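One chain comes next, on its own, written out as structure tokens in the form predicted on its own.
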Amino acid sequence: MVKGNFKVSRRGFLKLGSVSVAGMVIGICLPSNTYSKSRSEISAFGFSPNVWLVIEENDQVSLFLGKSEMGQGVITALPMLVAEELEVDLARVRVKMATSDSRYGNQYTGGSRSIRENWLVLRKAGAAGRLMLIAAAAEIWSVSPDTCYAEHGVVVHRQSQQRLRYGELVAIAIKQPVPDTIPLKPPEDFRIIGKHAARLDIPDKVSGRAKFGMDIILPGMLIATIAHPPIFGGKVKSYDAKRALSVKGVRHVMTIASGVVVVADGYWQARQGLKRLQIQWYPGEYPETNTASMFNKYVELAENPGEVVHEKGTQSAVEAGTTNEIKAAYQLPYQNHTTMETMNCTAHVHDNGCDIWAPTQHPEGARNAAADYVYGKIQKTLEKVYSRFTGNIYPNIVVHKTYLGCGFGRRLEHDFVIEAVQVSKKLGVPIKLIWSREEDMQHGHYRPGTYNKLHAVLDKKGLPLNWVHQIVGPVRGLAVDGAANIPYSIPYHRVESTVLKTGIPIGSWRSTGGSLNTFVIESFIDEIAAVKNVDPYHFRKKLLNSKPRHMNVLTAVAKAARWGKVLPENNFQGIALYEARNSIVAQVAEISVSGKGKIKIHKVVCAIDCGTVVNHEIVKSQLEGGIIFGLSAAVKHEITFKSGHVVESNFDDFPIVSMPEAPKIEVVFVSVERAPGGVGEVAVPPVAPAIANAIFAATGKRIRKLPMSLQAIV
């Protein structure tokens, strides 16, 4: 096979592999600084291979997918980009999961990056293949390539109407030079992008053929489960291994760095053995962690200025105590990811290295984390030296991606992978480690809880001149994310951060800091509008004069929601706006209030400008899912702490929105011809403030603390 690369010499192209008539392989590249210097003819251009497109003699097209499929639809949307430019029907494209091999480059799946990062890369890969196939046909017919075109997997000569299938052209196409210039289709010529395409993963998921992490079965495999210290930072003091080993099917009991593991023939036996261990724990570093005392400390810390992390403009002077000032404080809780599939990993450490099967959002990170336990210090050093010459770090550790039963950022962490590797190395057999729901709930990497103080100075028209936002929480980065880039035109804007170390593990949570700060910002904007009794929709428009994209989205959602029109009796609306990942989202929530003050959420209208939409149904599903995800966090659940441990343990005390409770959701696309923006996270942040603002419209009461209760709000 020949592996090619964009803007690489003929000699460099041929050096990548040997010629074979079985098929042609086209390297798809992304900017990277991680690849080997030994591939100088490629790296001189600043590119490195990321994924591979394969065209076979039987007309089959295979795409090795570098991104993880966790329900967001990349296994369909990314092949659509290739099929569009390659001029093949989507049904011809077979998707294969790439392993953690370094030649596939960065496979990190998070931050709504998959389409954004691959929009041009995959299209160019398909277009390069099409041009090479056309050149091959032209060579066979002894005509100019300009007289030929491709359609539906066939190259056609315009004048003679001679036709050759792609499979018939492979042997000649692999000898063609990779084009230096790769023109792409104009949007008006798209026949796949932007059109309806059924999801390619649904048949396998419905039939059960799809392999999630939980589905992996290997010869000689044992099942493990784990108990972690209930208090953050705790250690094992003692346990009764004999009681666990008395359970039929239990094979081993052991301690690893993170807890106590029971290994058995099956998960049920492992769980029963775990229950009998009677584990005693040493307390951790933060045994006094309690929700109430933590937030009381947040409030106390907020009395003093924080570190300035963002400042823009010139502050306007104001006399203290005048009516031109408005202040408010908001509190947001910790949240867990609660993926439907709990953390799990299958690992086999063997003489030749290690194989890992994991539902992970970051296979390279999982591979690198595993290396700390697979290799000794000397061997690990040698592996790093070897990688400098080959471009492939830890080639003997291979992460095989499975489908993910949700991600939401939790599977960017590698704790569950490390645990499976440790157990497998100790026992020398394949190990599938499964966390129980309780362990998953109480030992996550949580979205931080924060306390927020806001202070605005208004001009005579009620428009903000100064905006100061102080955030108190356990980390700086996630808390500040989304607070520094408010969309509104305000002459002076400052964000301060105060950090209190709590010992609670923190991680990325769907939409990261946006889910925290958008509630604060969009609620406070409504509060400012109310000072002068201005309609909150029109008030936002006044602050968006220099933001036409935002204005268009806000106008679209107001129109679709019939903002300002007569609503059914006791129905009220609230509005919110959010920008991230090169997308803009606005939402209007419609609620009603019963005579007893009970709130019912009837409808959420969501308008989005996300640039070119590759697959409308996938985007619509992502927005709907994001709204339900954000709604659950807004009105249903929170993570709380008592005596150093997490209180919530399952869905009975961490409930999610049920189907009868879910509102009607309407999605409106604001059509814009530009590169796609992210959609997986952007619908989460606006839903909480939209509902809270609707509640104020209905009751005159401000919601400044989440989760909000929908019972007896009046």
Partner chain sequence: MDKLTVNNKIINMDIDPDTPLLWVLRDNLGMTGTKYACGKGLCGACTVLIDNKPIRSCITPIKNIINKRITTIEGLPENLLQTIEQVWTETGASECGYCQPGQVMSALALIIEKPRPTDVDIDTAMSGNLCRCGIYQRIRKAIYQLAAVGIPENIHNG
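Residue numbers count along the first chain shown, from 1. Nothing here was measured: the structure is a model prediction, and the numbers come from that model.
Unshown form predicted in complex with its partner chain; subsequent notes refer to it.
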Spot the stretch among 422-430, 87-95, 616-624, 112-120 with residues whose non-hydrogen atoms come within 4.5 Å of its partner chain in the model of the complex. 616-624
Which one, K596, K565, K248, K242, lies within 4.5 Å of its partner chain in the model of the complex by heavy atoms? K248
Just give me the single entry in Y286, F212, F539, Y108 that has a non-hydrogen atom within 4.5 angstroms of its partner chain in the model of the complex. F212
Hey, in the model of the complex, does I217 get a heavy atom within 4.5 angstroms of its partner chain? yes
Exercise: V657 in contact with its partner chain in the model of the complex, heavy atom 4.5 Å: yes
Taking any heavy atom pair closer than or equal to 4.5 Å as contact, tell me whether V54 reaches its partner chain in the model of the complex. no
At 4.5 Å between heavy atoms, is G266 in contact with its partner chain in the model of the complex? yes
Partner contacts for 644-674, taking its partner chain in the model of the complex and a 4.5 Å heavy atom cut-off: N650, F651, D652, F654, I656, V657, S658, M659, P660, A662, P663, K664, I665
